[in-house]
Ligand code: URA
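Given as structure tokens, the chain that follows is alone and in the form predicted on its own.
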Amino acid sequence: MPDAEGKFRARLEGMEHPLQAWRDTLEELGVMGLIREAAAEPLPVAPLAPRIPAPAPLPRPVPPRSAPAAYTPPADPAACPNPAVVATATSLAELHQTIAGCLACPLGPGRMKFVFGEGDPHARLMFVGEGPGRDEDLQGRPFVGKAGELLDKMIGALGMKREETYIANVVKCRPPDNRLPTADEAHACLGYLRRQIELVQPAVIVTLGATPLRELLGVSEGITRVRGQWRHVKVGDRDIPVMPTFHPAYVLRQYTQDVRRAVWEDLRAAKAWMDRPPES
């Protein structure tokens, strides 16, 4: 087969790959299918190098946190009522007008409404809570949320109406996120509360929760240990009996028969004291 041979030699002379030339020649001779192709030897594969993990990024340096700047009350007398002026208020309405613009502590600038207190200005039974919550901040009235609804039911169970009592708080502005008021915040408002008590002249005070017990009476023991035990507070020239009990919000969280019974016993004791005939 001179033609095939010639092509084969031509391909070799054309610098083609010799194996490819041989394959093409066999195809042209018609014998490619009779010859078994040699399996191509796999190319050697180099083993993979072990993967080295990338080094962990170095933590970013955290700048030192600076202490929050101390609150500086404005110098305006309306924003920081003079204690002497507060002490000379002759009625709850006058006292309210005197202190309604108070910005003496950091709670003032963040409030929606100033929650002074409400009720009978000559009530014989006075309730003191810790501070306004969200609903109270929106409405400007104490104890109008879920805890207030429960307090109203408690008062009704005593055979009284809410309007026959007086209700106030240690602080008049809502603490952020309903947290407890700090000692400084409570101290800034305490003179207002004491003047309210002097003007109302209640026969008995019921403190709701640990905050009024601590700030008004200076009792730092837990409310669980102290509730139901008579205490006294000196306000002006009067020594007023105080019955500590759980805050209605706590009762809602721990709505057990024991907790409800304890609060009921405390309120009944306060009502019995209030109903005592005046000493001659």
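Counting begins at 1, following the sequence as shown. Every value quoted in this text rests on a predicted model; they were computed, and no experiment measured them.
Not pictured, yet referred to below: the form predicted in complex with this ligand.
Student: Using a 4.5 Å heavy atom cut-off, which of 75-83, 185-193, 89-97, 127-135 contacts this ligand in the predicted bound form?
Tutor: Of the stretches listed, the one contacting the partner is 127-135.
Student: I'd like to check something about Thr207: if you look in the predicted bound form, is any of its heavy atoms closer than or equal to 4.5 Å to a heavy atom of this ligand?
Tutor: Judged by the heavy-atom cut-off of 4.5 Å, Thr207 is well away from this ligand in the predicted bound form.
Student: Can you tell me whether Pro142 touches this ligand? I mean in the predicted bound form, with a 4.5 angstroms heavy atom cut-off.
Tutor: So Pro142 counts as contacting this ligand.
Student: Given that the partner is absent here, does His247 sit within 4.5 Å of this ligand in the predicted bound form, heavy atoms only?
Tutor: Yes, contact at 4.5 Å.
Student: Does anything in 81-115 come within 4.5 Å of this ligand in the predicted bound form by heavy atoms, and if so which residues, in order?
Tutor: Heavy-atom contacts to this ligand in the predicted bound form: nothing from 81-115.
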